[in-house]
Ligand SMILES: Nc1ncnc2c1ncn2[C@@H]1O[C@H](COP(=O)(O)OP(=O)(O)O)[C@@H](O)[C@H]1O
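Here's a solo chain for you in structure tokens, the form predicted alone.
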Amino acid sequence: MSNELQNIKNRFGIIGNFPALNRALEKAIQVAPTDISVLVIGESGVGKEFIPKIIHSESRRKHQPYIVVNCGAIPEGTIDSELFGHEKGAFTGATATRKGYFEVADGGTIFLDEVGELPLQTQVRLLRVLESGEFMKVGSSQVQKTNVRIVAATNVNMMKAIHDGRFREDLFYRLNTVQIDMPPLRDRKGDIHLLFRKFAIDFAEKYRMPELELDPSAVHYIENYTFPGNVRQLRNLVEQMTVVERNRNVTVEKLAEYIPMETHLPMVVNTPNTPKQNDFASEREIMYKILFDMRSDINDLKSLTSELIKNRGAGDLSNHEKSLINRIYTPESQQAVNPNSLLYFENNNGPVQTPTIISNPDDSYEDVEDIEVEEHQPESLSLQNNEKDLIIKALEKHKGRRNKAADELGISQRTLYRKIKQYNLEE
């Protein structure tokens, strides 16, 4: 390890020797003397905030302002004003002219944390700053110049955000001139015990208590835990145990009380504007209901046909009864819907059953061919038509009250409104 890298670790209190961590720090040191834009990628809690600090401290701008902006914490309606400033009277409450961060940080560095949360309108303004160094205050027509170094960070999957239309592709490539990836803690198993000891010493000094120590079994346990919250979670764990636990020797049993191994917490990754799982579940529920209603109707029709043929004979059938038979048995191929024969198809929640068509069923009747039946349009088995009919019936039953109709159908009101619009059922 180079002396420069070790000095950086000592100065910023960075613990660990994992190769991917060292590579990230080395890249930060290499790009620091330039004005190139940097994008730091990594999960929440991995320590992305150290990279822009290192870049600023090792650059020619180190004596100029360094400003941190959490893009996800600023309301969408005010973020343009925060970043670029505003003129007096530009909007309600703008009682005086205000400088934005890009004007205040002129000559220095701006760290845009959670840049993936920026609104699209603000992304356009930011792109102009990156390309020409120009911006305008909210409510002003005067173009101003700024000379800032931009370092951004995000835990959002940027390619997915671009695909979903939530982030501009041209802005991504302007920010991502150099990409620095911070590894998650679960990949740095050899560093976990070192970090634990570092935090134990720090909190023992802060709270004036003896420091915690892990026994060998506890060391093995903690090194194999996934730490979905990464370094931040480990730090909070050590602080909590330092204050709460009286026994300074931490056993594996005691450690398991705080971080049970069987707990599978989701990784802390922001995915804004993603569809809710409840909507997909509601779609499946209404499809299942239609399929099972269809199966029930087919069973009833077949049962009725069988009874009529056995008890009365084919020659005594009325036209209506003949039409019911025609729905089940087609004279051309004697194909029938067998409700006991089911075709499986997969979805996210496992297999779903739907009726299939089979030829020459065991309980078919040969004399059906000889029956002269009226031509009858087969009943539509379209999922779309049945879904539309169910929605119409539910709305009629509850006199147009959509909340009651949604409850009746077992779907969310949001899904019902979308279906009403889809089928042009709006009054």
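Since the model is a prediction, treat every value here as computed from it, not as a measurement. Residue positions are given as counts along the sequence shown, with the first one as 1. Rigid core (definition): largest C-alpha set, two forms, superposition within 1.5 Å.
Not pictured, yet referred to below: the form predicted in complex with this ligand.
- Though the partner is left out of this view, Y221 does not reach within 4.5 Å of this ligand in the predicted complex, counting heavy atoms only.
- For the chain shown alone, L195 is a contact residue for this ligand in the predicted complex, at least one non-hydrogen atom being within 4.5 angstroms.
- At the 4.5 Å threshold, heavy atoms of I14 reach this ligand in the predicted complex.
- At least one heavy atom of R188 is located within 4.5 Å of this ligand in the predicted complex.
- Interface residue among R174, R248, R235, R98 relative to this ligand in the predicted complex, by the heavy atom within 4.5 Å criterion: R235.
- This chain appears without its partner; in the predicted complex, the one residue of F199, F135, F167, Y225 with a heavy atom within 4.5 Å of this ligand is F199.
- Of the candidate stretches 392-400, 27-35, 46-54, 65-73, only 46-54 has residues whose heavy atoms lie within 4.5 Å of this ligand in the predicted complex.
- In the core-superposed comparison between this form and the one not shown, the C-alpha atom of A406 has shifted by at least 2 angstroms.
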